[in-house]
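First comes one chain, alone, set out as C-alpha cells in the form predicted alone.
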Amino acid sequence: MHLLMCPPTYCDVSYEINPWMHLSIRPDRSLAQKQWDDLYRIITQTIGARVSLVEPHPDVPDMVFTANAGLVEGSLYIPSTFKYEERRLEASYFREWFDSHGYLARELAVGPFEGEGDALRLGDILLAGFGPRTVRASHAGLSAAVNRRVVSLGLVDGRYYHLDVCLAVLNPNELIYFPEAFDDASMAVLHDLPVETIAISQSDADHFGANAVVLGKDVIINLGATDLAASLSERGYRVHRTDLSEFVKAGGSAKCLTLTLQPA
C-alpha cells in the first residue's frame, strides 16, 4: 500500500463548512502535529506501508485531509473539484504534486466531486457518495474514467458529509457503515451488495470510527470508537487506536488524512 499524506503544519479551523467546524473551537497545532506523527508512525513503522508527502501551504488549512485531493487509479489522477470556495485553492497544489510525479490527470466534466472522500473501492466496483459535497451527476464520468461500475449512495446527514466518514471497506467481502447517514434507497442498495455489511453505533460514528485506514488486516481508527475496536478485534483484525481529536474539530480523522496512491 502506498499513501499520500500532508503534514499538519497549517491545520486550523478558519471557516465553517461542515457541522463539526466551529471558529470558537480550533485545533491545538502542537497537539495536532503529535497526533499526525503518531498516525504516520503507525502506518510506516508499525504496519510498514509506504507514505509520500505533499508540501503543506499556509493558505489552505484543510490540505492536511489528502483523501479529498482526488482519486488515483494506477497512473491516472482524477482531481477533485471542491464544492466550497474555501478549499478550491488546494486543487492547484495537489495538481502540481501529481504532475511532478508522472500522473496523468483527467478532470471530470461534471462536479463537484471530492475525491476519495466520496469514492471507495469495493473489489472491482467503486462505491460513490453523493449529496452534501459530491453531485451524483459526476458518477457517470467517474465510472468511465476508472473503468469500474459505480454504485451511487446518497448521504442525508450533514455531519457525515463524505462517504468515508460513514463507511469503510474492510475487504472485498466486508464493510462497516453508519446506517443513519444514508437515504432509504441507498440502504437497500447496500444490503443488496454481495458483501457482509456491519452497522456501527451512533457513538462510534460520532467518534469517526468509520473514517478508518484499512491496510490488509490492520485497521487504524480514532481513539474514541471503542465498540468498533472490540468488534474488529473479534473478527481477527489488528486494531490500532490513535487519538485524532484535533482533526475531528475540522471534521476529519484517520482516513481523511490519507489518500490511496496504490492499493494493497
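Keep in mind that this is a model prediction, so the values were computed, not measured. We number the residues from 1 along the sequence you see.
What comes next is about the form predicted together with ligand ARG, which does not appear here.
Against ligand ARG in the predicted complex, the set Asp204, Ala212 and His240 makes no contact: no member has a heavy atom within 4.5 Å. Ligand ARG in the predicted complex comes within 4.5 Å of a heavy atom belonging to Asn68. Remark: Cys11 does not count among the residues lining ligand ARG in the predicted complex, judged by a heavy atom distance of 4.5 Å or less. Though the partner is left out of this view, Val165 does reach within 4.5 Å of ligand ARG in the predicted complex, counting heavy atoms only.
Interface residue remark: Phe98 is not counted as part of the site for ligand ARG in the predicted complex, having no heavy atom within 4.5 Å.
With ligand ARG omitted here, the record of contacts in the predicted complex names 58-66 of 58-66, 227-235, 196-204, 212-220, defined by a heavy atom within 4.5 Å. Contacts between 131-158 and ligand ARG, taken as any heavy atom within 4.5 Å in the predicted complex, involve only Arg133.
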